[in-house]
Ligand SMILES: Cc1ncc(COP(=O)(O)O)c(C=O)c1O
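So this first bit is one chain, no partners, the form predicted on its own, shown in structure tokens.
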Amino acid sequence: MNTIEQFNQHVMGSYGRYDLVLEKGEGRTATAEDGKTYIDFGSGIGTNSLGYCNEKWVEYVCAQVKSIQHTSNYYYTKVQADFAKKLCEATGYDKMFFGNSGAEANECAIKIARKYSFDKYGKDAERNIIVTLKNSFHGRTMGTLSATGQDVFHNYFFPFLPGFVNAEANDIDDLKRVLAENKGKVCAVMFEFIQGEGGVVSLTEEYIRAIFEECAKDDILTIADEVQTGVGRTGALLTSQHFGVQPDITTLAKGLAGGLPIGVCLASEKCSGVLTPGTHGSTFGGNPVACAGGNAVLDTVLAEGFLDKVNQKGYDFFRKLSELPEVDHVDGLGLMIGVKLKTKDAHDVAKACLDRGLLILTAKEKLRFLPPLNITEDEIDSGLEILKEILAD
């Protein structure tokens, strides 16, 4: 019995997987069980932010494994304290909560928003509605699925949780309409600066400004889901920094620990004291080994000039993709890129790329690129040569 057969015999089939067994990786190259190598333009859906087995990341993680691998949240560890200090100072947030994933981080944000209004306005105010955007994606727990603004995810698992209403993304009038229809009942507006799973669709600067202006009128919290866009992915530590705004709450995960499970919910001073002892928790949240990986990522991403290079590589990547004849248009920011093709099916192209040694992603009808942040220009060019040949076939 081979690896795939053994796996499928024992693991639930909740994913559509390629017939590929990855065994190891180095830098931005993955190696399969049969020895074939692949240039990685997906980085585990943006999670391996420093590629495979980055030297600094390995050093930090291995040192922590040899020290202490886990302790409950009844106690403290220095690696947690160091990571939290580093992240809060770099982002300008007051405090944070540790989880294990983007869905957990978003669940925490939802709970903070509702308890903030409960504490300030009382239970009788019923101020608990969270406005999310159509085409959004916030996770696969029951709470975050309910928040997600895509009908395709609202099936099978009924009943979904109440308290979420959707507004049309990039439609200011519709946002105002939804807020007006639910006036006095909305506790937060939750959004992604770029809707990743929705097809790499960017919010306009005008719409972003409207969210903050409308929320400020009625003490409505702003929640930015930066699970995919954060940690340097778009060329800034937080995508909000491109627009000169700071949401009341920001969630991070994916690339934050370079491939280890982590989720973080950052809160401004306004709502950083909402979660009191016993109101929220996570057994593995703040795991010391994951925090060590996070320290390696932050030390790398925050180093002088690193994010400038991400921006430059992203600009060059955009330009080179745009020049391909089969490409209709390119969306995204930094090294978070979506490509709409003119005639070819994105999923067929992704499979053809896999066959020729290139790992890429899809999002709805688009190709999606989330390469490691430290990918080189030469590696980008090598991968683009493979894509160019496939698109020309």
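Just count from 1 along the sequence shown to find any residue number. Just so we're clear, the structure is a prediction, and the values are computed from it rather than from any experiment.
Omitted here: the form predicted in complex with the named molecule. The next part is about that form.
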Study note, to complete from the structure: Within 4.5 Å of the named molecule in the predicted complex by heavy atoms, the stretch out of 162-170, 221-229, 206-214, 319-327 is 221-229
Study note, to complete from the structure: in the predicted complex, the residue from Asn287, Asn106, Ser117, Thr132 with a non-hydrogen atom within 4.5 Å of the named molecule is Asn106
**Study point:** Residue (of Gly102, Gly293, Gly255, Pro247) lying close to the named molecule in the predicted complex, criterion heavy atoms within 4.5 Å
**Key:** Gly102
Practice item. Verify the contact flag for Arg233: yes if a non-hydrogen atom of it lies within 4.5 Å of a non-hydrogen atom of the named molecule in the predicted complex, no if not. Key: no
Exercise for review: Look up in the predicted complex whether Phe98 has a non-hydrogen atom within 4.5 angstroms of the named molecule, and give yes or no.
Suggested key: no
Point to revise | Contact flag, Phe137 vs the named molecule in the predicted complex, heavy atom cut 4.5 Å | key: yes
**Study point:** Residues of 57-78 having any heavy atom within 4.5 Å of the named molecule in the predicted complex, listed in sequence order
**Key:** none
